[in-house]
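Next comes just one chain, in structure tokens: the form predicted on its own.
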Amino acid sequence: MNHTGKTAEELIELARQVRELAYAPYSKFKVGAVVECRDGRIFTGCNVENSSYGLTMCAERNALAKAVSEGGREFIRMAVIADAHAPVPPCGACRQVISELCGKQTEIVMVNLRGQIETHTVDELLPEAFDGTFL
């Protein structure tokens, strides 16, 4: 997709920087995420763990929550970075939230610290997402 905002490399660098702020004393697995709005605004998030693991907040959901709480809408791209052997896709819970807030064609750029990059649409990561249309 052609964007007038930041380049993918700039988004990846922002995700790399915010990853360093992650609170991950249990897993030691730091994740950074950046979401880009159609209007050019950028919002970042990192994972914040909790000793009660179910209360842990993922980087992707933190970035989206920050964006929504500041009026961000119409998301066009997200970048996610972690230190792993391959680019790490969002977890299932994050995929569902991303699907609802971003839409099926939003690009998700997944990167590891070695520079490997994979890009998929939300629909590719979560086909047949729950959307409440049958409620």
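Every value quoted in this text rests on a predicted model; they were computed, and no experiment measured them. Don't overthink the numbering: it's just position in the shown sequence, from 1.
From this point on, the text means the form predicted together with ligand THU, which you will not see here.
Of the candidate stretches 85-93, 100-108, 34-42, 66-74, only 85-93 contains residues with a heavy atom within 4.5 Å of ligand THU in the predicted complex. In the predicted complex, ligand THU stays beyond 4.5 Å of every heavy atom belonging to A79.
Of the heavy atoms in S52, none are within 4.5 Å of ligand THU in the predicted complex.
Applying a 4.5 Å heavy atom cutoff to ligand THU in the predicted complex picks out N47, E49, T56 from 33-56, in order along the sequence.
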